[in-house]
Each structure stands twice: as structure tokens, then as C-alpha cells.
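Let's start with one chain on its own, the form predicted alone, as C-alpha cells.
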């Protein structure tokens, strides 16, 4: 660990924000990418984005590009978007369809499994089997696609073991992407995650959200409101596991951080909509609104909010020391038809208006922590999960050495 990083970590205090250098130092950023993001299970998309053989999308993070491509009905591959000849990118467009992957520089051609199929005019004895595209570890869970850059990653099992039961009623493997939208934020990735992890700012900054969501009120009040929601769980088609374990799960090994937490909706809201009224058909085996929602947490950059009729996924992807992509994905029942079963503008309204406001908040936060006079301030009890995230971050960076 460098002397500057050690000094910055030594300056961290539990219950406080981080020293400014941790939000802007390029050396710290590069260390984070190698220590956290290249070793964690990262949720990169949903299987419905690539329904047919040859369909692909790109996942871009911190200068790396990965091709997520469907090889067959039951197999999806994650391939580095780097030709094994002289390193050219193979795919340029964010989504597409290819029967094979061809490098337009010298014509090297790869199968959808990454194997090198053709490389003309190479020397005698050239062994194509040694020059396939680099494959990343990949798992599909509840329809969500996870990858890991580490060739020997920690087992994925803890995520699946702990979240399978809570997610079961939603049947996300049968859901589909209704919409995806990226909100580039001119800030360090940690400021974006910190903001998402707390609702201390919700009442003053997000009136559209706060009118219907219990997270916007203090924890003691919220716990009281949750009891009647839990009493309606079985009738709504939600399993006991979706409710009983209402706490964030222990992180465990690096890369398997996960969690869920149920909370109440307010003022008769049934879902996250403009007026609280239903937006889409029920997901999975759910058969009624129970008056609640579930927060989800997958790894260091993916969070979610599950309503009875749709799920919103938030992905914070670092693109540079002061640049982060915030991509939102809206999932609905796989059989739902836009314009008939749901109105896309209404489905996306709440989290679009909320994220536009968050983008401004986070960018102002970055400008402030860049000041020579910034000093870490104390966290509110309503910023508990942000505090836990910061403790996790400091411990992880120290352990990385």
C-alpha cells in the first residue's frame, strides 16, 4: 500500500465521511478498481437483453470492455472485447447481433464461445487453440447476469443461497427489461453509492419519492409501519423469507456482498408511481399488493428496489476518478406489453425524476469535497447504511494491502 493511501485510510473515522483524497486521487482510484471491482461479482444485465443466439451487449467499466453474448438457449458468455492478435476492439456498438466475432483490423474470427476460428496467413505451426478471447467467469441468477474478472473468484454460492428465497416470488428469470437509461454523473463512484445508501436527504431533495416511501422517515417509525405490511405477506403471495430476515446480510468474502430489507410504503401507495396506483401486471407468483417494497443489494455497485409489479435496478459503474455511470433498468412481467399492460412514461417517471435530482446532488457533493477546506463530517442515524458501506470500504482497502 502506498504511503499516501495509508495516510488517507488512517484519517478515516467511523461515523464520518471519508477524507477528500479518497474521492479524487487517481492512485486511489486505480487501487480500488484492482482491489474491489476486478475481484467482485458484478451484475451487468438481465438475460432478456439477449434473447436470441448471437445477441450481445457491452459492459464498460474503468477502461475495460466485455462482450456479453448468448451462445445458445442455455449458455451466455462474457468475453473481453480485445482481439488476441494486436488488441483491437471487436465490437463498437453497445448492443447488436453477430453470428461470429470478427476483428476488422486483420480479420481474426472468433466463435460465440470465444474460440479462434480463423486467422489467415499465420506461420506454420500456429495453434489457434491458444488464442481464444479471454473468458470471464459468469453466473446467471434470477435472470440477472453476473461476471467476475478474477480467474479464480470467490464462490458465487452465498449470493444465491441468501437471496434465492426472498426473490423467488418475483420470478425475475421470467421478467423482461422494459427500459434502460444511463445518467452520467461527474463524481467519484463512492459519492454516488453513499447517496443511494441513505435517505436522510430524501425528504428535502425527493418529495416525489418521500410521499410514498417509508425509508424517508426515521427507523423507529418505519418499524411500526412495517408490521401490518408483514401481516399481509402470505395473502399477497410473498414468502416468509421475504419478510422475516429484514436486515442487511453480512458481506462475507469480498465480491459476495448482498442484502435485502423490506419496508412499508406510505399513504396507501401500492407501488412506486406518481400517485401510488398500480403500474404493471404482478410479477411472478405475486397476486396482490401488500403495501411494501424490498431494497436489494448485489455487490459493490448494484442496488435494487422490488415492488409487486416492477423492479428497479441501479448500477453505479466507475468510469474515472470523477466520473460514474448510473444506469437504471426497469423490469416488468415478461408477458406484459408496452402500451397495453403498462405506460412506459409512467413506469419510469418516479426514478427518472429522482435520479435527475440525485445527479445534481452528487455532483455538488464532489465539488465540495474537492475543496482544500473540506473536512469529513459526522453521519446522521438515518445514514446508517452509508456508514456501514464506508466501514466496508476502509476495511477492504486495508486488506488489499
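In this text the structure is predicted, and so the values were computed from the model without any measurement. Positions refer to the first chain, counted from 1.
The same protein also exists as the form predicted together with another copy of the chain; that form is not shown, yet it is the one meant from here on.
Quiz item: Every residue in 17, 216 and 381 with a non-hydrogen atom within 4.5 Å of another copy of the chain in the predicted bound form?
Solution: Contact check passed for all of 17, 216 and 381.
Practice problem: Work out which of 92, 288, 73, 157 lies within 4.5 Å of another copy of the chain in the predicted bound form, going by heavy atoms. | Solution: None of the others qualify; the residue that does is 92.
Quiz item: Just one of 328, 233, 205, 226 has a heavy atom within 4.5 Å of another copy of the chain in the predicted bound form. Which one?
Solution: Checking each option against another copy of the chain in the predicted bound form, the one that comes within 4.5 Å is 205.
Quiz item: Even though another copy of the chain is not shown here, does residue 194 get within 4.5 Å of it in the predicted bound form, heavy atoms only?
Solution: Yes, residue 194 sits close enough to another copy of the chain in the predicted bound form that at least one of its heavy atoms falls within 4.5 Å.
Self-check item: 4.5 Å heavy atom contact, residue 307 and another copy of the chain in the predicted bound form
Solution: No - in the predicted bound form, heavy atoms of residue 307 and another copy of the chain never come within 4.5 Å of each other.
Exercise. Tell me, yes or no, whether residue 51 is in contact with another copy of the chain in the predicted bound form, where a contact means a heavy atom of each within 4.5 Å.
Key: So residue 51 does not count as contacting another copy of the chain.
Quiz prompt | 4.5 Å heavy atom contact, residue 345 to another copy of the chain in the predicted bound form | solution = It does not: once another copy of the chain is placed as it appears in the predicted bound form, residue 345 has no heavy atom within 4.5 Å of it.
Exercise. Among 288 to 296, 157 to 165, 130 to 138, 253 to 261, mark the stretch whose residues have heavy atoms within 4.5 Å of another copy of the chain in the predicted bound form.
Key: Flagged stretch: 130 to 138.
Quiz prompt | Partner contacts in the predicted bound form for 111 to 125 (non-hydrogen atom within 4.5 angstroms of another copy of the chain) | solution = Stretch hits, in order: 119, 120, 121, 122, 123.
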